[in-house]
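A single chain, nothing else alongside it, follows as structure tokens in the form predicted on its own.
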């Protein structure tokens, strides 16, 4: 499980980091917190010639309140910083609730919001040692041509398992991506391809630099529910984020969003959940309807030790619980 040899770069600015990405395009990996990349390198899932350690780029380590109350979060802001931010707790609670479920306190001290957004997809057949993967003939995602999850198809079904992206999708977050030609800003929803192998719409000479949340999303009540084998450390095997806006606990919902993770190759908003909630006071029946919609959106396959049927059922249960929790405030 030793790391392969590589050359390490430690830029101090975004511009120098992007220049190195362009110079060594295709042979370089970005290191932020390292909580996902380094274990994968030990498993020989990645063997880059160069590693770009961007932790010296100080401007990406800040949480900044923008004029009017919007929020800018640097890609290197740690998950612990998200958890500890009083402004986020008060104005965007769903993001804090999702962040505080990730891994353990030690790993949240290292892991970053940018890393969680760009997390590699996971699968029972992919996240194994090199010897284990050799015995199976590898897979579409790494070195092979067969998807062991869906052997008859040509698509990789490895699942995205980040916790903060469904919360950010609910909040309508946007991201900034830096490249040789400057920066571009896109909706977070447009970052993901829906494919397990080529999961992100980021070129090999680009990097995520910032996350933006509009002031208009401030004040929504939120909830995040997560299934995992152990109560900490583990990645989610199903997750649901919910935000709700209303004038009171039993008042009709003015706006709402629901998103899921860990049951598809990308995090996804649940289509129709807002229409099921808006204009109605939340009760058990409405929450159950949203749970059914979330379960229909979920497409879990055998990418983990838990059965797809169980994970889909838990999406239904967790969506209902999250809706009731968010509505109750």
Partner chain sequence: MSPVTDKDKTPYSWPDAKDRSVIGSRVSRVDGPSKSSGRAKYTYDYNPEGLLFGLMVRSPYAHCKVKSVDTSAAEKMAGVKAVKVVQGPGSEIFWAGDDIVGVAAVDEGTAEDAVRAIKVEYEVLPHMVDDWSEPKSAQEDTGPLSMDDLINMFQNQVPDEDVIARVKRDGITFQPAQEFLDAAGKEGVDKSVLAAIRTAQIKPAVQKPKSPFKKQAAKTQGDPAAAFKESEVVSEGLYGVPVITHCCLEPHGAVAAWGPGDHIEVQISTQNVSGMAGQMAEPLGIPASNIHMQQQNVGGGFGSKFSPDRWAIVAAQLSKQAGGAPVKMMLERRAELEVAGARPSAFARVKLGAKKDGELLVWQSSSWGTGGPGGGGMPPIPYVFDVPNQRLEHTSVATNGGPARAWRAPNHPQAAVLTLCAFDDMAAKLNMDPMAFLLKNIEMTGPRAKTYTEEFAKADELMGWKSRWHARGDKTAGPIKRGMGLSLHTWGGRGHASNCDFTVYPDGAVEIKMGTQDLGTGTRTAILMVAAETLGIPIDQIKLLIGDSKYPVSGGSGGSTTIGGVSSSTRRGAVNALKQVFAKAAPALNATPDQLSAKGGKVFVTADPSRSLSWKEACARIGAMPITSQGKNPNKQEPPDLTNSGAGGVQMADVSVDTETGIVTVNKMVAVQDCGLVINLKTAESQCYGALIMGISYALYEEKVLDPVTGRMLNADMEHYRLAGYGDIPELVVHMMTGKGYDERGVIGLGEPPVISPGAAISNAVANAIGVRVPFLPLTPDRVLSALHKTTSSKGVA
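Positions refer to the first chain, counted from 1. Every value quoted in this text rests on a predicted model; they were computed, and no experiment measured them.
Quick note: we don't show the form predicted together with the partner chain, though the next part is all about it.
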query: Candidate stretches 27 to 35, 259 to 267, 299 to 307, 59 to 67, one within 4.5 Å of the partner chain in the predicted complex by heavy atom; finding: 299 to 307
query: The single option of 135, 154, 193, 104 touching the partner chain in the predicted complex, heavy atom within 4.5 Å; finding: 135
query: Partner-contacting position among 150, 177, 100, 227 - heavy atom within 4.5 Å of the partner chain in the predicted complex; finding: 227
query: Non-hydrogen atom contact residue 312 with the partner chain in the predicted complex at 4.5 angstroms; finding: no
query: Residue 127, heavy atom within 4.5 angstroms of the partner chain in the predicted complex; finding: yes
query: Residue 234, heavy atom within 4.5 angstroms of the partner chain in the predicted complex; finding: yes
query: Proximity of residue 8 to the partner chain in the predicted complex, heavy atoms at 4.5 Å; finding: no
query: In the predicted complex, residues of 1 to 34 near the partner chain [heavy atom within 4.5 Å]; finding: 1, 2
